[in-house]
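Given next are two forms of a protein chain, the same chain in both, each as structure tokens and marked structure 1 or structure 2.
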Structure 1
């Protein structure tokens, strides 16, 4: 993964930085528990209140919530680490990916909000069930959502672990190293259980304030300390051109993508953009907003985060120019530590503590939203649909709270079991799985042409192909499986993001199977949605489900 040679472990505790980190961590933990009183509901005993915050969030709360949802430890730890270790193809693709993302939100998500608002859908699997009349397809979408969320939550926990390790907390043995992570996990689990989606919504204000403060100071101050941007780019170009330690026949990474890397860069960016809003947590934040236009307004102002992401990514190259050595407490090189280590090396301890807190809190907010979204999905689409169809709202809320705890525990398994040297793979692995739900969700917002059994067949083939292809990617340094997310694209002969290849195969299978099933006159399931559902807004009389109210809306596909 990187060219760092092992060196002596840094075992000292940065007392000032650690104190600042703990104070801010305790502050947001208190806010997390207090959040249950914010916009207090008559009762928290329903998924609408616990899991969607009462569906009453306006433009600014939604902006902070979506920002907290989308800009995570992936942004603060994994992307700069990928830039530091492997260069632009592995790291900077995230910038065009978040630029492409917002038109997708503007076009697709407002339709999903409208139909979900009218029918009371809480999860994307709810929509699939209503649209195709298929519990099996809904189950496939919900299982995929939960599975894909696990490595994404794990990535957040790795971000917390990285700042704690640089601050000197932990030890070389497994228990001491992971104990602080378990404590942070327990606090996160406790206030998520009690406050639901209100907790990350409140904490997101603190998170974004810290993030913007740290980034603005860093991009102004650090280049002057390491010789300016010209020196930074020169140092990065020099490092990326050096022979790789794992394979001396290849360069370390890419400063600017070559012709042979265009497919990899483009498919990573476009595939990640398409995948992001298939995740249950992205849709949870969207559905918690108060109106259809709130989604559109956020699609217009959220690109401000993309600017910050670009600056954050470049900090990976700033660390190269600064000579940062991200060495863990076990004495081994670990690129995931590079941004916390850069701040510890170049800033006073108190400001390093603020930066550590920004990264840690920046991981807590999305981890909370993700676990709530996964819990909503399990409760609505597995517990209620398959285990207890007559569950009350209170029983659903109780199950959702308990599952949110289990989801975090399973995410810890990913942290402990998978290779953490290239943490960005955690997010890309989830993307391979979740992108296979796109035909059922996004295409379903516009047409019901695909047959439900064809969609299920396409999903199954895409999932199997994507998982096997990702498993067969071996990390050249650690020799572990799931070592990357790029593989040769069949027929094209270029490296590309496995998720996009799997999606194309998925769509081909679904198309051919639909033609066959329709030729055989196999009946599809009933569609409980109507054309007007996809345009309904808050205050619109059409949000009151009444199929006979507006006859002209009941004809034709939306």
Structure 2
């Protein structure tokens, strides 16, 4: 291993930290496999047991699972790295994003909960199928959900890789560099396969304990160690004002957004907030709460999480003041390594090991939840609706397990193929896609005015526009495609988040096409919901029309 290490001394193998990391990693891997026995079911051979943990998770487990959606490698690695490398417009927008998120949840997720409770919907595609009577639109929503989840999982894998690299594992050539990641990935895949949602639910306890411990210590201890917040902010301001390496005519980044960046900052925040709860894994977690009001109550308490996220983002600037040099094992600078490197430089080895484990395990839990949610979506909305309508429970469970492996494999493709320098783009790229399902889902919660074919047309145009626009963003340093998520907004002439532009185009197409289709008197599909469904609460009777076919999915506590 030492032979592979580069000349920079501090990137060598950190024995103590690595040992702590490996011990904790082995511990949670063991727990992941053991989880199959936890609250053991008679048989694991159904999607309900494998993919929903038997639906017996109470408030606490659900809370930890929801925490898995919130504290991910996005929070721990990508946001501080973006703050470190490019400043506030690229990173700090995560704070307003996670603040405006909750009024949005308050407004529409309670309606989605009610209608899902009445009709037994588990995925957003289920709702779309029931509301518009359109399998095609439902298929589009489920494909988008699965596709958008992949870069998000990839972001988690990058988080794990960053930790391993700072701990000194891996080599300078491509194979040796990615090998530890493959091993971590294979373990994750294996216990997700055998234990399903029980695995992340069990590991989440360990994960959250480690994360809170590390965050609290880091945020209290580090600023005093590097000369106080005054010094941190002036160091950050100084770095951001320096000419950029890639383009000397421009500054490195933004300390505080300039007036050309207001649109970018606002659209990144608002677009990400609208996107987050369109993802299959967040919707499943939200629908698992016990009543309509639980969601609304939680929406007023959860913003506390945004505060901690903001402090974590500032750690990226703490690293600037601390003079952290995130150099990879290949000898090249890599901003994603900045938080692990900061911990390694400033803490005793054993605590750095705990922090590494917190990041790595903090990435494993959401990666598992996301791949399971994507697999549930595939099984329920593609496999059963399109391929094998009379699938047995055992067949569904088998398909779900296999798809969870496939989703992770494709996520690995994203890691290997896309530009990792600015990992936050992975989440933003997923956002571009998932946001195109908003008109069908969110607008559909309020009105059925849009025609199903018009929604499909808007979705298609939004997806194509968003993907092309994102592809055309070139990273100035690496010259790679998908180098960012900002592009010129047509008409306004300012840079903005591509997802929002695509969404506006999507809505325009859907509106025009709806007017046309209505003028031509093209019939829409049947709507199986009634107005009262959108106000239902726990205790209201449920519609059980598909009882014979999918009783295992429509009954039980949602």
Partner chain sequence: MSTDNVVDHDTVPPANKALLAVAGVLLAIPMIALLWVGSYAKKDPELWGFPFFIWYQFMWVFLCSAMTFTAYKLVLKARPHRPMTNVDSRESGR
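Positions refer to the first chain, counted from 1. Keep in mind that this is a model prediction, so the values were computed, not measured. Throughout, rigid core stands for the largest set of C-alpha atoms superposing within 1.5 Å between the two forms.
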For the form predicted in complex with the partner chain, pick structure 2
Quick one: core overlaid, is residue 532 moving 2 Å or more at the Cα between the two structures?
yes
Please check if residue 401 moves between the two structures, taking a CA shift of 2 Å or more relative to the superposed core as movement. no
Please check if residue 346 moves between the two structures, taking a CA shift of 2 Å or more relative to the superposed core as movement.
no
Taking the rigid core as reference, the Cα of residue 296 travels between the two structures a distance in Å of 2.8
